[in-house]
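Taking the form predicted alone, here's one chain by itself in structure tokens.
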Amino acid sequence: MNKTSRDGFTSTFGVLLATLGSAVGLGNIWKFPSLTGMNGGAGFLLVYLLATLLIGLPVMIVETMLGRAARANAITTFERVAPRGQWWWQIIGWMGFLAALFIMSFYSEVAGWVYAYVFKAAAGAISTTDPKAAGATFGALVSNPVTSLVWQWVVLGLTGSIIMLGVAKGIEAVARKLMPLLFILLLVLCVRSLTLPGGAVPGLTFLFSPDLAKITPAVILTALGLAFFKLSIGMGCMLTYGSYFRDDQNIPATATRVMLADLSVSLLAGIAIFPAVFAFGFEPAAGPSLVFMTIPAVFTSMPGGTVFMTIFFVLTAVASVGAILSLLEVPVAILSERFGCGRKRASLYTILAIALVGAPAALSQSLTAETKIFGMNPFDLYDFLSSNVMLPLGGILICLFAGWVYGLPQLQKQLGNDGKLPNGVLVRAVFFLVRYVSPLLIGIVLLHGLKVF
């Protein structure tokens, strides 16, 4: 497929919303609040902000830039931008391909739980303040093999039908509708949470008033990892989305806006959750159970709880869609361009492959619970291989390529849009970070994820 025949985003605003949709996901509504709660609140947030500037933003900029320079899928990108004969850089694209499949194999199951909870919340089936009852409800959902598979298939069917429509009519069109809806729903929940008696001050203090004594090496490592994974980098998504960017798009400005908007969503989620948690005396360090067990109890405790609980899970479901679409687009673009599949066939093959590979992950609390590889069930294994190995390794290789092979002159040309944008100082800062700082910090994330220390 040549450069002129490829689908692409149609406007600057569409690029921003679609890229934001990739970055915003369950991580904002589920992972960010749980990790912030477990790691002391504002101190963790402060380290996360610094890590985002040193890792997330510069890697996102160069990854998007490489995609636009090549106008190709994640594998073909490195055929076009790497020096002649250096074929081994294509491993970055292949790892992105595998990482997207592995992530979707368990991420689609988590999204399925969220979809199920939308209906449970609306029906009042999770309206309880008893932690044991909430835990039993969630346990019944994840341990039922039929229910687990069906909800995973619902997620794959919905997002697969969108991805078949293409970049402009599918990804961009959906992002234009869902991203504004996400912000509206978040603001509604924030207003409700902040108006609860006795919760606003302690909740906001926990989120925004850092206790530097709580910033431990473990907190720093966790924040580094979250900053790297949060912006969809190292998994081929930004390479692929960058290939659909317009020629006149200001990549550093767009990436910065996406980073700030993504951060805003995470902070709004914290504002929506923590004042309510403190208002009703729940534990902010509940971890991953915060969304599926603690939050239902919190909403049940407040007036109009069923309505606001339903809004919360609709919001979480909306947040999952954009991230899933960006993950699906990585293998779909590769199959359709490198292997000659039409887009619809490539989408169908991708969905079927994820359903097949993802079935063991969906059944990890039931039929495959005793299936252990390296001591992990399929759900945890897919998470480990993608999050702890492929993503940081891919991120390091992207930094090494951009900083030591692609070089500063090419970065200046691409990020300056052939001299049309005065980005000299900014480009040099990005170059310095991806050449020296970001790969070192991502290497620490990799070693920590591999439990080397």
Ligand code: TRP
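In case it trips you up, residue 1 is the first one in the sequence shown, and so on. What you see is a predicted model; the values in this text were computed from it and never measured. Only the largest set of C-alpha atoms that superpose within 1.5 Å between the two forms is called the rigid core.
What comes next is about the form predicted together with the ligand, which is not displayed.
With respect to the ligand in the predicted bound form, the three residues Thr64, Asn250 and Pro252 uniformly fall beyond 4.5 angstroms at the level of their nearest heavy atom.
Stretch 20-28 is the answer when you ask which of 440-448, 6-14, 426-434, 20-28 has residues with heavy atoms within 4.5 Å of the ligand in the predicted bound form.
Only one of the listed residues (Ala223, Ala276, Val332, Met235) places a non-hydrogen atom within 4.5 angstroms of the ligand in the predicted bound form, and that residue is Met235.
For the residues Tyr107, Tyr382, Tyr244, Trp151, the 4.5 Å heavy atom test against the ligand in the predicted bound form is passed only by Tyr107. Contact annotation for Thr159: none of its heavy atoms lies within 4.5 Å of the ligand in the predicted bound form.
Remark: Phe229 counts among the residues lining the ligand in the predicted bound form, judged by a heavy atom distance of 4.5 Å or less.
Contact between Ala323 and the ligand in the predicted bound form is found at the 4.5 Å heavy atom cutoff. A residue is said to contact a partner when one of its heavy atoms sits within 4.5 Å of a partner heavy atom; Ile103 meets this definition for the ligand in the predicted bound form. Residues of 61-76 are not found to place any heavy atom within 4.5 Å of the ligand in the predicted bound form. Core-aligned CA deviation for Phe229 between this form and the one not shown: 2 Å or greater.
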